[in-house]
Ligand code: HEC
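The chain that follows stands alone, in the form predicted on its own, written as structure tokens.
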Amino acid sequence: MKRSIWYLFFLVIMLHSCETPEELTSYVPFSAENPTTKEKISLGRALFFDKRLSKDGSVSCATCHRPEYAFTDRKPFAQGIEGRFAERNASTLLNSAFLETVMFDAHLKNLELQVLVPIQEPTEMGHNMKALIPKLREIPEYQQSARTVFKRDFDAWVLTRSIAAFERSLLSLNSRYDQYMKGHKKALNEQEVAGLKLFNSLYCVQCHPAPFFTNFKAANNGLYHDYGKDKGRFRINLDSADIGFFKTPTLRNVALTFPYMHDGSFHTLGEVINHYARGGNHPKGQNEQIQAMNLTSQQKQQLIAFLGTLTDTSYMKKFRKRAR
């Protein structure tokens, strides 16, 4: 399995260097009932940036997932309609095509289901699908696209499938780290190489393995003794063993996606590293792999330098081009 993941990854990044993101999506995972096409991506992109999807017309998907911030918003908690705040930090959407589960609770199986959550969440877009769909169907461009692409009137199926297709097209797989792994040894400097080697020698790699730098699983990373109102995955099955469990985020583009943790409680990578270096806060249920590490200041800087090599904003080209 691990070998097949790496094979797929390197196939994708080789193609990524010579094809457009839309063409590349034919090589990444997609739902069998929702094959990716350029037309779906185009419709999904329009809907993603459309504030009419929110109840008061004040926010769009892109409000909390801004392209220039690696599709996050750099706020501790995502902010929705009427100035309301969601319960959690907005996660990056880049490379979401490879996700095995969606949301911090790691409970949704695909992006199509995820699309429904923020649209109907009272603190985010706050809309009712029964009221939203008729309004979107009245927009000629959306109704025509639905008939052309899906052979049906605009409905929830069209909405979720097209936005999911757009999200699957958001790829960021050509960082300096990727160039280094493809044999371009000058892509990283001495400090960054030292950070890479150190990263691979620590328990960090157990939850953040390459190539996607996440294991796609939920775990308790020892953030709090008392998780208060938001107890993580516990709210899905009400299993006390899941208290404090949140899905492990990817480290790709991590230098751009601050603040960190599900509640944005850490503002810098240095704070994150210090948390793990002291072995977490040791609450009940903390991942047993998290143990104190005796890291020097130099080693911490090496780790930060390495994490910076995971940044790849080449996806921004299509947004800058179309913004002109």
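The first residue of the sequence shown is number 1, and the count goes up from there. Since the model is a prediction, treat every value here as computed from it, not as a measurement.
One more form of this protein exists, namely the form predicted in complex with the ligand; it is left out here, but the text below deals with it.
Each of Arg88, Phe246 and Tyr276 places at least one heavy atom within 4.5 Å of the ligand in the predicted complex. Contact with the ligand in the predicted complex, judged as any non-hydrogen atom within 4.5 angstroms, is confined among 147-155, 134-142, 91-99, 181-189 to 91-99.
Contact annotation for Asn221: at least one heavy atom lies within 4.5 Å of the ligand in the predicted complex. Although the partner is absent from this view, Tyr69 stays clear of the ligand in the predicted complex, with no non-hydrogen atom inside 4.5 angstroms.
In the predicted complex, Gln298 stays away from the ligand, with no heavy atom inside 4.5 Å.
Although the partner is absent here, Val28 lies well away from the ligand in the predicted complex, with no heavy atom inside 4.5 Å. In terms of contact with the ligand in the predicted complex, the residue from Leu173, Leu170, Leu196, Val115 that brings a heavy atom within 4.5 Å is Val115. For the partner-free chain shown, Phe48, Val59, Ser60, Cys61, Cys64, His65 of 43-65 come within 4.5 angstroms of the ligand in the predicted complex, judged by any non-hydrogen atom.
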